[in-house]
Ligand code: NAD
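In the block that follows, a single chain appears as structure tokens, in the form predicted alone.
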């Protein structure tokens, strides 16, 4: 189901979702969360009930209390059963305790349930909410399951810790196609891809490559690519340049908070996490424990998530009624502290009073902002991913990572020369990605973590047995090999990075 919101003479789609079977009563899992979570959830549910939303809620407990009870995931096994049974989850912000061992429940939920698409609309409500960008109307479509958010980290030496960045072709194809389908069904004109593939040529390079491949299937939609640093700068300075932005997980997380804030306030933005089976809706902000229990929090972010949820389950008329009432309330200047501004706002209110003002405006439409009109039958064409045929994969070398506390790469190379044989020879040593042997610079600062590349003669391959023999020789020679990465070619193309300086 698609929800189109027409505001300020622009068409801003709250969210496109997989079609759901409409029911008289849709069962929805809710979690009230931590900090301000219970207050904004109560306010949101009051508005939904007053508007006639046909939902039945089933509450679970997640977050801080569950963490501190000894459950490091922040959610009980039976709660997963409830979420998976109901398919739709409305979640207030939670607090993850500080310290090691606690996994982010947001990340866990998105990955366990296959919620690959995170969609965050960011729209200016000028002149009723202060912003330097009165014409801003951006939707961030963020990949939600992989990238550095895999959370795979290891300390490998005294000085170096690694975090693995995992990017897959299925993950790229699903999120890029979602972005183009979103644009297609909502009449959006352009999709912009943000990556850093000038540096990360393999991972971000794959995302960019898939974007270019899929863009060809949508000739009616303009497409472009920006390097993330200058793209983010342009978005912060001139957001009207952009329409739909699709990007990887970490970049999307940062960009969506920036875009929500420069549109007016992070407190106004909702978020949808969409998968093939389940969906989760939430505010994009955190639990703000310092504001808990004070009746001051803005419930708008969670309410926007709930409006997206209503569209997802086919209750678009109720969603329209609530969104128009919310716009009228914002337009009337009835504002919580985070967006209150003298000379613009008419009254500063708390959480409960704001919710009551929205309820009082149900059935009304904004007078200056454009009332919303939601499309009721549009659907996204999101075919299942089809695995490509396997390429020709050849092992053409190995990187051996070594823990060594010396400072001169030439000295390490002398030790490693003992490992050379008629199959493979040491070809390069890097430190933090920069080549330090051969022909390194004495000015380059080195840690105790060295990547030592062994390769056969040009055009030759090696076997796994030869890699094992190389490692056995390293250990016998007293070399502390802490990790290996095989170097492969796929269909004759090198599938690994060179060292900077090569």
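Residue numbers count along the first chain shown, from 1. Quick caveat, the model's predicted, so the values are computed rather than measured.
If you look for the form predicted together with the ligand, you will not find it shown, but the lines that follow are about it.
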(message) Can you tell me which of 189-197, 166-174, 297-305, 365-373 lies within 4.5 Å of the ligand in the predicted bound form, counting heavy atoms only?
(response) 297-305
(message) With the distance limit set at 4.5 angstroms and only heavy atoms considered, check whether 93, 285 and 337 all reach the ligand in the predicted bound form.
(response) yes
(request) Using the partner position in the predicted bound form, report whether residue 36 sits within 4.5 Å of the ligand, counting heavy atoms only. (result) yes
(request) Decide whether residue 103 counts as a contact residue for the ligand in the predicted bound form under a heavy atom distance cut-off of 4.5 Å. (result) no
(message) Taking the ligand as it sits in the predicted bound form, is residue 205 in contact with it (heavy atom to heavy atom, 4.5 Å or less)?
(response) no
(message) Taking the ligand as it sits in the predicted bound form, is residue 291 near enough to touch it, meaning that at least one heavy atom pair lies within 4.5 angstroms?
(response) yes
